[in-house]
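Quick setup: one chain, the form predicted on its own, written in structure tokens, and binding and motion questions come after.
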């Protein structure tokens, strides 16, 4: 008896039987950076990144490395915040809340009860106002960034690129990538926006100028 799987594979083989054996060159002539942005105009890239994030409903603060600790203390709530392994402890020296480690992994119910999650990121994309997390140092696991109601993310200016094609070259596709464009929200059939259905209702981004 022929299974559904065998039937599907047979149809795929029949449909692809006349394809050329040699690899086909794919044209890559699309725009590699955000429209209207010069690649070397870093301030324009950062301004677009902040603008797009704010359009999505995120709050963006800019700081230098010298005032990062005070900026974080102002951005974080005074309660309990999950802080993934690898997040620089020195950045929290002016904050008076409780940093809760996620090691061993906290139960989902406890993550949901915390006041916020604080992370770094792997990259930022200006054209789409997107944060990319890859579970690297200071970023933690995906559940920890989805369950608390507030996500505070520290982004270094040098991590921000102008477009998706640029950021793809920086990322390791073997890592678990989480792409975040603004606070979580969805809309029903009447286009009524409901925040926080699939993740944090609030997103605060602290954009840090590396040179200061």
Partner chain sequence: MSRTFVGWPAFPEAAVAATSDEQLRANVTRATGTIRAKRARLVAERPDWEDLRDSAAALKNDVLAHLDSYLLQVEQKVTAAGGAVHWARDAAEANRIVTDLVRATGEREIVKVKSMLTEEIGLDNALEEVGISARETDLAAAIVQLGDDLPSHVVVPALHRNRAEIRDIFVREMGRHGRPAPEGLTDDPPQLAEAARLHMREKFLKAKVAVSGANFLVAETGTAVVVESEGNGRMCLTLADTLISLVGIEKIVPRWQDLEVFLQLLARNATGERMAPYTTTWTGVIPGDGPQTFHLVLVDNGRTRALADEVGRQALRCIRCGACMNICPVYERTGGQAYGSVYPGPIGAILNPLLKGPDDPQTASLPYASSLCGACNDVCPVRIRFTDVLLELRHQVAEGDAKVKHPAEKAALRAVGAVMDHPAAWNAAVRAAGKAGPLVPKNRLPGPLGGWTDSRRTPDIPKESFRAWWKRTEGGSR
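If you're wondering where the values come from, they're calculated on a predicted model, not measured in any experiment. If you superpose the two forms and keep the largest set of C-alpha atoms that fall within 1.5 Å, you have the rigid core. Numbering follows the first chain given and starts at 1.
Omitted here: the form predicted in complex with its partner chain. The next part is about that form.
Undergrad: Please tell me which of 157, 153, 147, 58 lies within 4.5 Å of its partner chain in the predicted complex, judged by heavy atoms.
TA: None of the others qualify; the residue that does is 147.
Undergrad: Determine whether any heavy atom of residue 165 comes within 4.5 Å of a heavy atom of its partner chain in the predicted complex, and answer yes or no.
TA: Answer yes; at least one heavy atom of residue 165 falls within 4.5 Å of its partner chain in the predicted complex.
Undergrad: So in the predicted complex, is its partner chain close enough to residue 62 to count as touching (4.5 Å, heavy atoms)?
TA: No, residue 62 is distant from the partner.
Undergrad: Quick one: is residue 40 in contact with its partner chain in the predicted complex, heavy atoms, 4.5 Å cut-off?
TA: Outside the cut-off, so no.
Undergrad: With a cut-off of 4.5 Å between heavy atoms, is residue 130 one of the residues that contacts its partner chain in the predicted complex?
TA: Yes, residue 130 is a contact residue.
Undergrad: Going through 151-181, which residues have a heavy atom within 4.5 Å of its partner chain in the predicted complex? Please give them in sequence order.
TA: 164, 165, 168, 171, 173, 174, 175, 176, 177, 178, 179, 180, 181, in sequence order.
Undergrad: Honestly, after the rigid core fit, is residue 40 moving at least 2 Å at Cα between this form and the one not shown?
TA: After core superposition, the C-alpha of residue 40 moves less than 2 Å between this form and the one not shown.
Undergrad: For a quick test of reading the superposition: does residue 28 move by 2 Å or more at the CA between this form and the one not shown, rigid core aligned?
TA: Yes, the C-alpha position differs by at least 2 Å between this form and the one not shown.
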